[in-house]
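First comes one chain, alone, set out as structure tokens in the form predicted alone.
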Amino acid sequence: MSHFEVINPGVLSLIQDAGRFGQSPLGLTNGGPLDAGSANWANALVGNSANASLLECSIGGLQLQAHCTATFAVTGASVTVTVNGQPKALWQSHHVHSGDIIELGMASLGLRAYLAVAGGFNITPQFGSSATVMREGIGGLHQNGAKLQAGDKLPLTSGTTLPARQLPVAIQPNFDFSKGLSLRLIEGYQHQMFSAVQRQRFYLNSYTITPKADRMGVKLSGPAISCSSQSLLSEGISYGAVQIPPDGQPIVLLNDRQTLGGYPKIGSVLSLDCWQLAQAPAGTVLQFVKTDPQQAHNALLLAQARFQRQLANM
């Protein structure tokens, strides 16, 4: 059987695909890659669809042994990539043969790297997706939400090699967040529960990413925001929703968020910007910038068109 064997899973390595959608009535969240753009490019570089199963490696340290001939690519955070100790470039596809060792070092810029293999990993889906959600105990290699462990064997859909592809440096994303982030926010209907003074405080001040950050969401620290109501009925929560709990410190909810919540929400971060929260380390400073649904819609369409054009020109 064509497969990769996990020699060292690193800090946290998970099977992901584009995500598990349409299952929120069952209480199942989306999952999927925290940095969808990098994951899409990893799959594209090896000729896969965006929904092919790949690996999300947080922080680094992943080590795999190939037991077949295959083509792979690594994108996302700045990590060293080697095959049998020989350096290999990020954002570019490479060939391996049976017995070769692929190793990812520790991230120096950004937090999450993505490893895709031509044809994708052959992972049995649950509720329409292979995405691993540890909190729910669903998805992944063993369909129990477990992270990868040493000795795991990752089956490949097909052990094949493809012509090398490379994403030009000019269009690779920047993972240096030392100058801070600017996150576009679409206000929701509950923004009316925040006074004009509180909304101005929210937009005019900076917030800092705290160490309380994971696949569920990111807790921020900064000027506290108060709301006229703290007792709301629980309702569905969207990707990027910005909750304001009783302490007034915003929480931005990400892929593995709970499906229901009762804290007031001032709005949602534009999905195109959420990847930055997932890649930025604790201590990164950010500001929210108000945008409207029309601008957000245009930005999404332009991003999709840009990706297709860049893909066609590789």
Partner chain sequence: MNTSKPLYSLTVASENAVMVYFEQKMAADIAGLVQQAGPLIRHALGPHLLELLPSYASIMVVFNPFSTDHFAVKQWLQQALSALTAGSSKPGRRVELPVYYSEQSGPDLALIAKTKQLSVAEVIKLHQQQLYRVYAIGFAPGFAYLGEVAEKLTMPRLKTPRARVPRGAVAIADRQTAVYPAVSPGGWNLIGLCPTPMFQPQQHPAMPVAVGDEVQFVAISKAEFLALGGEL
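Numbering follows the first chain given and starts at 1. Keep in mind the model is a prediction, meaning the values are calculated, not measured.
The next section is about a form of this same protein that is not shown, the form predicted in complex with its partner chain.
- Exactly one listed residue, out of L156, I237, I209, L167, brings a non-hydrogen atom to within 4.5 Å of its partner chain in the model of the complex: I237.
- Though its partner chain is absent from this view, in the model of the complex it lies within 4.5 Å of a heavy atom of just one residue from A36, L253, A66, L270, which is L270.
- Using a 4.5 angstroms limit between non-hydrogen atoms, L26 touches its partner chain in the model of the complex.
- The closest non-hydrogen atom of V289 lies beyond 4.5 Å of its partner chain in the model of the complex.
- Interface residue remark: T284 is not counted as part of the site for its partner chain in the model of the complex, having no heavy atom within 4.5 Å.
- Not displayed here, its partner chain is approached by I138 to within 4.5 Å at the level of heavy atoms in the model of the complex.
- Highlighted residues L12, I59 and Q92: none comes within 4.5 Å of its partner chain in the model of the complex, counting any heavy atom.
- Contact with its partner chain in the model of the complex, defined as any heavy atom within 4.5 Å, is confined among 101-109, 115-123, 201-209, 179-187 to 179-187.
- Residues of 281-301 that come within 4.5 Å of its partner chain in the model of the complex, judged by any heavy atom, are P293, A296, H297, L300, L301 in sequence order.
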